[in-house]
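Presented below, as structure tokens, is a lone chain in the form predicted on its own.
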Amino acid sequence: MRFEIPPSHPRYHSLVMREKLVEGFEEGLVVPQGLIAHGRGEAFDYLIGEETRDFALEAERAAVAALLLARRPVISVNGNYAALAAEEIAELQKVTGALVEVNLFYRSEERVRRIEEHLKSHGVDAVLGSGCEREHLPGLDSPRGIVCRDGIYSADFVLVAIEDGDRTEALRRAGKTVAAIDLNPLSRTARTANITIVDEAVRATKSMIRLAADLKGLSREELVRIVERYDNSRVLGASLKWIVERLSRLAEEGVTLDLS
């Protein structure tokens, strides 16, 4: 990291994430629009208190169970996710056996290759993207519709992070189970996914790694029960209720949020 941030800084984690994104931008992984998207997500992270809450943990557990049950699970990676969580993506791949595919809205072949190289340099064993046989997701005209035949196109489960609603809707129409990491519980992505993890991407991925190590010991029937008992509408409602109650409590206590 080009700028040394003291761990004692009250905004240490957020500042580290910002620096990673700036470095990712300079390396051609992240586009300017991705920096804007991160700021929006960071604002929601302030609202939930910058911790993995129970509603997020429940969604992460269901997502891991669904991933372990899948015949062909794929972790979809965009520029922001690669810049922020490359090592965590590699570890999640190793513990679950999922494929990893680069999928971009602001797509160029050079950017896809740069992200692939970045992921491989951080331990991802194999990355689908630039050299794959391609298909197009029906009903999705943006470059996100360009997918690998042996990856997202053939997947029965897709984990998406820091996403857009159009592709989540297209994936659902294609019959795939979609788990989304999205700090905004009001987004179309959050409301369309089968499982929505209202958590910061790095925290969520680390949590899923720990959960995968535990859940791999369960029987298929136990994993199925976890997925069947999960209710995404209830979890999204719990996240909104948490935000409202937390803000109300802070207002009553006369405490202001640190938005530095």
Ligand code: PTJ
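No experiment lies behind these values; they were computed from the predicted model shown. One rule holds for the numbers: they count along the sequence shown, beginning at 1.
Below, we refer to the form predicted in complex with this ligand, which is not included among the displayed structures.
Q: Name the stretch: of 131-139, 86-94, 118-126, 160-168, exactly one has residues whose heavy atoms fall within 4.5 Å of this ligand in the predicted bound form.
A: Of the options given, it is 160-168.
Q: Quick check on this chain: which one of 56, 201, 65, 195 has a heavy atom within 4.5 Å of this ligand in the predicted bound form?
A: Flagged contact: 201.
Q: Going by heavy atom distances of 4.5 angstroms or less, which of 155, 183, 112, 98 would be at the interface with this ligand in the predicted bound form?
A: So the residue touching this ligand in the predicted bound form, by this definition, is 183.
Q: With a cut-off of 4.5 Å between heavy atoms, is residue 33 one of the residues that contacts this ligand in the predicted bound form?
A: Yes, residue 33 sits close enough to this ligand in the predicted bound form that at least one of its heavy atoms falls within 4.5 Å.
Q: Does any part of residue 177 reach within 4.5 Å of this ligand in the predicted bound form? Heavy atoms only, please.
A: Residue-level check for residue 177: no, no contact with this ligand.
Q: Flag residue 37 as yes or no: does it have a non-hydrogen atom within 4.5 angstroms of any non-hydrogen atom of this ligand in the predicted bound form?
A: Residue 37: yes, in contact with this ligand in the predicted bound form.
Q: Residue-level question: is residue 104 within 4.5 Å of this ligand in the predicted bound form, judged on heavy atoms?
A: Residue 104: yes, in contact with this ligand in the predicted bound form.
Q: Please state whether every one of the three residues 14, 49 and 239 places a non-hydrogen atom within 4.5 angstroms of this ligand in the predicted bound form.
A: No: none of 14, 49 and 239 comes within 4.5 Å of this ligand in the predicted bound form.
Q: Taking only heavy atoms into account, state which residues of 60-94 are within 4.5 Å of this ligand in the predicted bound form, ordered by sequence.
A: Residues within 4.5 Å: 78, 79, 80, 84.
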